[in-house]
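Here we start with a single chain on its own, the form predicted alone, put down as structure tokens.
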């Protein structure tokens, strides 16, 4: 009987666990190294478009990840007067669900356990080599046939391999939190929708994730110190978005996080037998809701690209082929997510005309939703 190939994954977040589960399901002996003392979701809610949902089905994590999820009928943008700029219906065959990040992470954790993945916590990865090795704090070195860095924006794996071309932080950031949901939060004109409201350089994104919780993202420029303050300046945000003052008043029952956006480009996604993916390789602004989806689909695609490899010497070529196939869509999604963010800097009336005109153009709408409507590698037989 052939010996199992071994893999090490740096990072126990959404992308890391999806990658580990996919490799485990394809016969690899996988160990995940997570620096925290337990697996914890960073953030509040998350959008999972059709591409991400197909990956969850392929990993056997769909039911648990989406139990009780909010399934919206429209994604709607509104201007500074509360009037609708664009209300786009979500096609029945192109699903969009929203869930708490913690629920998604838990479902992927369970998928890892079913696939025989070993998870080691309190293990900080400080670097990597092209020989499939991870360097741990304290000086230990662990080695395998394959190493994968899914260790976030400030990836030590990416840094140690010298793969980064650029890491740009945007002028805009977001306050993210969850609030308890209440009956009557949404009127007839709001029910069943994901709603994004604009006022100057500020945005207010309202996203139900279950019957019990609603995810809020309040975005502004990093230079707006009062708007990005924690604790949240409720009076300021209620003045900017009075129609949502009843939600703003509830902020504080859950943690509030502030962060600016990062866009990362790498000269390549692998070196020897070590690869990177997710934010470590291709971080993007959250404007298209594809950060998590991209990480999960590239993790699954990585496992598929390696499924027929029997000798570690063949891994570098397989990693190069994986990147050549998956990177064009990632680059496309990064560009369009950044482009969408540029409307932040337009006057309100101009922004409304630009968004309305752009989304009425079939070619532009197709480009914006290209990733969301993509069928990821390894998912065609997931149902």
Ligand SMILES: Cc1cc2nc3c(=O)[nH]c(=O)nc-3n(C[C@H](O)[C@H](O)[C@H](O)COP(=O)(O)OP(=O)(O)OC[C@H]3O[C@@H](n4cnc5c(N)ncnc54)[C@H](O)[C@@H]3O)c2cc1C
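Numbering follows the first chain given and starts at 1. Being a predicted model, the structure only gives us computed values, none of them experimental.
Omitted from view is the form predicted in complex with the named molecule, to which the following refers.
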Could you tell me which stretch in 290 to 298, 158 to 166, 226 to 234, 78 to 86 has residues with non-hydrogen atoms within 4.5 Å of the named molecule in the model of the complex?
290 to 298
With the named molecule left out of view, which of 325, 332, 345, 35 would have a heavy atom within 4.5 Å of it in the model of the complex?
35
In the model of the complex, which of the listed residues (123, 197, 266, 209) lies with a heavy atom within 4.5 Å of the named molecule?
123
Taking the named molecule as it sits in the model of the complex, is residue 14 in contact with it (heavy atom to heavy atom, 4.5 Å or less)?
yes
Is the gap between residue 72 and the named molecule in the model of the complex 4.5 Å or less for some heavy atom pair?
no
Taking any heavy atom pair closer than or equal to 4.5 Å as contact, tell me whether residue 62 reaches the named molecule in the model of the complex.
no
Residue 28 near the named molecule in the model of the complex, any heavy atom under 4.5 Å?
no
With the partner left out here, which residues of 165 to 185 have a non-hydrogen atom within 4.5 Å of the named molecule in the model of the complex?
174, 176
